Ligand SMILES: Nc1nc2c(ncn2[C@@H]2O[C@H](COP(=O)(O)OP(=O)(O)OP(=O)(O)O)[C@@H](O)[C@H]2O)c(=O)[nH]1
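Take a look at this single chain, the form predicted alone, given in structure tokens.
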């Protein structure tokens, strides 16, 4: 079965852009990947999907057919997508490719926290899956949002229990000192608590420390890969992670 790589993250974290950039990187290195769009409300994509849920389930059609606003239609559409799962699987399996890059809905909660998503992933294939979780670099620059973002990622991780890679997207927007600070926080939870104490109320620090302690260690997600679609930073590291996971670190045959 062709490995399925799911790109997941909050709205605006750069999922579609990274799907496009990583596909181009693979092609430029003579590897192959197909793209799957699972966002029924996507108005623009930087790539042309090989498999596109909008052909059968679109946000606009759901709004019209069910007389719903955009938010209600997104929820209904998320459940309708499950009914298309077998068709999507057949389309994916019809390709001879090295990877399947799956672009998930912009609203994280629609994919990560509804039972329909686990059903969908099960139907598409329970084996050879990986989840790339994108952190918006802008939200990782201060300790408060860093902590909340990491715990949101852990809640997603516990929903799916598949190999997981943390990616800080749009890293070209970070200053060198900001990147160094995030790397330091990734390595040691005491570093993030120390910086948090310098700028926030004591009660917030105590709460954050209790949460971190209860989770054993912030490093449960591992250290992040800094990625930029503009500079192509991190794309080789993503490839190496997937190669080790699915192919035992051996490079694929050039196409």
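Residue numbers count along the first chain shown, from 1. Predicted model only: the values in this text are computed from it and were never measured.
What follows is about the form predicted in complex with the named molecule, which we do not show.
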Run the contact test on 83, 117 and 122 with a 4.5 Å heavy atom cut-off to the named molecule in the predicted bound form and return yes or no.
no
With heavy atoms only and a cut-off of 4.5 Å, decide whether residue 229 touches the named molecule in the predicted bound form.
yes
At 4.5 Å between heavy atoms, is residue 243 in contact with the named molecule in the predicted bound form?
no
According to a 4.5 angstroms non-hydrogen atom cut-off, is residue 154 in contact with the named molecule in the predicted bound form?
no
Interface membership of residue 173, the named molecule in the predicted bound form, 4.5 Å heavy atom rule
yes
In the predicted bound form, segment of 88-96, 180-188, 165-173, 69-77 with a heavy atom within 4.5 Å of the named molecule:
165-173
Under the 4.5 Å heavy atom criterion, name the residues of 3-21 that approach the named molecule in the predicted bound form, in sequence order.
10, 11, 12, 13, 14, 15, 16, 17
